[in-house]
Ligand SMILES: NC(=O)c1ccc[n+]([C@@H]2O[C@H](COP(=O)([O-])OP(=O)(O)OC[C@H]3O[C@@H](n4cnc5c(N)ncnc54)[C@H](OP(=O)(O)O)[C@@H]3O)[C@@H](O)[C@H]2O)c1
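Take a look at this one chain, the form predicted on its own, written out in structure tokens.
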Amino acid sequence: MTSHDAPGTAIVTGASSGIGWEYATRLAARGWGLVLVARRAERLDVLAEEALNKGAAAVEALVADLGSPDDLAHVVERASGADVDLMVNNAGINGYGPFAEVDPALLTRVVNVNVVALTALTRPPCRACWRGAGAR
């Protein structure tokens, strides 16, 4: 048995669908406590109920857009909790079209979610580093 087989608390980003949803339900079935992170509150509520029915020790839903510096700072703060044993960093987006034609604002969002958020959530604590304008 590895440390990831022993129930603890896991954060799952991008939990409202697809792979994130699958990770959450499988961890729930193993008795993990979950912190579910996604933009869609209604989907998180459905997943939280399903996770509890599958055996999750506890479920906390965090509605957050990881492309938003304030939301990211909130999730980073929660991820720094002493109770967090596992991070499933699943959130991500793409640019939806040929690179030269994609709106620069969308590309900024792609980088914020896929690079800045990923880095902030997997880096050792530096909570002030991720508020406001992003990484410094």
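The shown structure was predicted, so the numbers you read here are calculated from the model rather than taken from an experiment. In case it trips you up, residue 1 is the first one in the sequence shown, and so on.
The protein also exists as the form predicted together with this ligand; that form is not presented, and the subsequent description refers to it.
- Interface residue remark: Ala64 is counted as part of the site for this ligand in the predicted complex, having a heavy atom within 4.5 Å.
- Contact check for Thr119: every heavy atom lies farther than 4.5 Å from this ligand in the predicted complex.
- Under a 4.5 angstroms non-hydrogen atom cutoff, this ligand in the predicted complex lacks Val102 among its neighbouring residues.
- Put simply, Ala10 is far from this ligand in the predicted complex: not one heavy atom of it is within 4.5 Å.
- If you take 35 to 52 and check each residue for a heavy atom within 4.5 Å of this ligand in the predicted complex, you get Ala38, Arg39, Arg40, in sequence order.
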